[in-house]
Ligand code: TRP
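Take a look at this single chain, the form predicted on its own, given in structure tokens.
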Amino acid sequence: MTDDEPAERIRTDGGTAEGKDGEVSETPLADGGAVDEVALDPWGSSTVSDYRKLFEEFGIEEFDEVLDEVPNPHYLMRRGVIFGHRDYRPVLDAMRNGDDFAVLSGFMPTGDPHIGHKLVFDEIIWHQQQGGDAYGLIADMEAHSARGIPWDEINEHSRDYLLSLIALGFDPEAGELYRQSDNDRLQRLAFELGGKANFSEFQSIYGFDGETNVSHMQSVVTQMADILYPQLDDPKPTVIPVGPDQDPHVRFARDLATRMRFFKVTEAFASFELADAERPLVAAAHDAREEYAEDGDVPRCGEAADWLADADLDAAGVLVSESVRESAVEKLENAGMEPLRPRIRFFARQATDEAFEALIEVIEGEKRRYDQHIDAFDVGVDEAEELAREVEAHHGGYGFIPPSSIYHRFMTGLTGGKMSSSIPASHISLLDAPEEGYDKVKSATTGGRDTAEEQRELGGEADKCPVYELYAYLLTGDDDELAKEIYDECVGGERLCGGCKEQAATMMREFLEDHHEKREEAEAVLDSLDIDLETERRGVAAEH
């Protein structure tokens, strides 16, 4: 990307909001997922018709909003392939400041690794290269319980995934690779997390019912432990690169991370508790105290209630429903003459008595102790969060930071529609012979017009072309200028599909030749690691 060219000019899809049909994903932590207006299913078949629905319905944030904050952004970020995130800024802050952070993602070994998985391999490796602690895992328990894959097949596929990850640049000496089934610390963490989850959540999040086998439910709790595993020894911002079908796992893990905490830290203004939606209203009332308070230094809750009841909230920059306003006004009225005074509240959720006492000791300045909480008047939110986390970790708690996530678009299959592991012609396996990869690209569907004459007159539809996706997602690598040149030549009618596919097919052959050589070099590296890839398991595959 050049300084004088906007990022959207080299987007994989021209920067449009419309998405592509997805792959039957074996992306991190699960195997595919259906996306529609109301549900995300981590074990279905993946399709996303409009990525905007993910922003509107699930609260996924647009990655463009943080792109300028990313040091040395990966080309998948620059080109809009990574399109969304959930709370990624703590990771970026750590990255820029040289603080600890981590990246983790995993793969369910149900088939060969393919170019769709390479997106996630690249995201893990890039974060490792930016200084993050990197983790790659094999979700073998999930493959066995949710897909019924025999253990001997799991062993074979696991090796293939790890070889490609190492061949593409993952440094196992600086990171960690593991199988779910062989990680005892992970299993212990999963057991603890399971104590904070209940079956009704499995029903509402995943649609589990009385026919769901217990091992499948156990594999979900294990995935929650995977997501939080990088923080076992040291709480740190952690990012999980996934396809959007995996968002239910991320949201559930964020909830469980919060439930495991000893303390909840919130802003408060008086003795009563505020709902999250009410807090900005009361903060606005405190900011406006000079307008209504008899003593601007000591505004009273009753005075604030009168002001808030009639305040122009739009002018105050607060957008809430009238019911939320009425609730906040009622709480302020009930507090009457109590001073409205900002403070930080440490609420003891499940802290031990020793941890509670220790927290009191480390809080400096004015503070007030109550049975279940502490109010502190001379600390800020960030400092309070750090104090609470340090005390918790020192007294046997986890101190988890809710994990962040980034989301990438699904690749279109070479035959159009979904990229599916069960349809060899629709995808290119990282194990394909170079000539086989060449032939698949040469046979791929394109976004070209019916005739060369129409192509020259109207231009091609690169935004709908699986071959252009190959260029943007993989073949042009970090060369933004080449990706832009191919796009512009296509939509401008200068580039015809025959020559375009020949170039892409040749580049794919070269990529696979190089990747196979590096996989051979990775064999010795993988064999030197303490990972059991020949494990025999007793029992039968889960029934469905």
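Numbers follow the displayed sequence, beginning with 1. Values in this document were obtained by computation on a predicted structure and should not be read as measured data.
Note that the form predicted together with tryptophan (TRP) isn't included here; everything after this is about it.
Q: Check the shown form for clashes with tryptophan (TRP): superpose the C-alphas around the site so the partner sits as in the predicted complex, and report blocked if 3 or more ligand atoms are within 2.4 Å of backbone or C-beta atoms, open if none are.
A: Transferred pose: blocked.
Q: Taking 4.5 angstroms as the heavy atom distance cut-off, pick the stretch from 385-393, 264-272, 134-142, 85-93 that is near tryptophan (TRP) in the predicted complex.
A: That would be stretch 134-142.
Q: Considering F107, F410, Y407, F346, which brings a non-hydrogen atom within 4.5 Å of tryptophan (TRP) in the predicted complex?
A: Checked against the cut-off, the match is F107.
Q: Would you mind picking the one in I428, A304, L162, V242 that has a heavy atom within 4.5 Å of tryptophan (TRP) in the predicted complex?
A: Here the answer is residue option V242.
Q: Is tryptophan (TRP) in the predicted complex near all of Q180, D226 and Q246, within 4.5 Å of a heavy atom of each?
A: Affirmative, all three are within 4.5 Å.
Q: If you look in the predicted complex, which residues in 257-290 sit within 4.5 Å of tryptophan (TRP) (heavy atoms)?
A: Not one residue comes within 4.5 Å of the partner.
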